[in-house]
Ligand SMILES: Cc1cc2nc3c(=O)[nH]c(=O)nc-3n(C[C@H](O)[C@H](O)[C@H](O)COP(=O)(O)O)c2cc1C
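One chain follows as structure tokens, the form predicted on its own.
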């Protein structure tokens, strides 16, 4: 419930007042060990890095970075986005600032962990600005009709519409209806990896919203699914 409620008020925090205390860090690390994967068969690992351990374009100055590493497999980027968005919402629910970091990468020995490649990270710490929005009107997002052809499922789809994405591109499209929502990402020569991560973030919001509406919300990858022109299929949320 706390993660679902955070969807409607979270905001990206780019200014930080300092590191979180040891007890709060233990809570963060404990929750990180409980994250639900989109694809359970993909091996992943999460590591907390400090500010000096991350370098790259558009990097915010934050005391902590939660980096996710993964084996390279079909769906691994969406899986990383799905898992790390749970962390983003958890941090927001605890009043901890966080911000997705698509450009910066770990340095030195942190470039790879246990043979797994780095995917993306989340900056976090004691916020130096507001953690929460006052209302959903403050979100700058596309209208639902631009990102889906599904009718009658607005309560669930609205949660996905508010999801964060790289450069706020909202590079997803939802099809289906009835008892299924299918998620597709926009193909791109430049931002393909980030768009796949974005789709995983949106899937996380769909899954939480479906659970909130009382559905069992099974996450599946259907075989042979078509996608709208310019998009590729990622995965589906089955409503039961």
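Numbering follows the first chain given and starts at 1. Since the model is a prediction, treat every value here as computed from it, not as a measurement.
Beyond the structure shown, there is the form predicted in complex with this ligand, which is absent from this document and is the topic of what follows.
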Interface stretch in the predicted bound form with this ligand - options 25-33, 177-185, 56-64, 41-49, non-hydrogen atom within 4.5 Å: 56-64
I'd like to know if residue 168 sits close to this ligand in the predicted bound form, meaning any non-hydrogen atom pair within 4.5 angstroms. yes
At the 4.5 Å heavy atom threshold, is residue 133 in contact with this ligand in the predicted bound form? yes
This ligand contact in the predicted bound form: residue 120, any heavy atom under 4.5 Å: yes
Look up in the predicted bound form whether residue 99 has a non-hydrogen atom within 4.5 angstroms of this ligand, and give yes or no. yes
So, a 4.5 angstroms cut-off on heavy atom distances: do all three of 160, 208 and 214 pass it with respect to this ligand in the predicted bound form? no
Interface residue in the predicted bound form among 103, 151, 128, 115, criterion: non-hydrogen atom within 4.5 angstroms of this ligand: 103
Restricting to 1-29, the residues within 4.5 Å of this ligand in the predicted bound form through any heavy atom are 10, 11, 12, 14
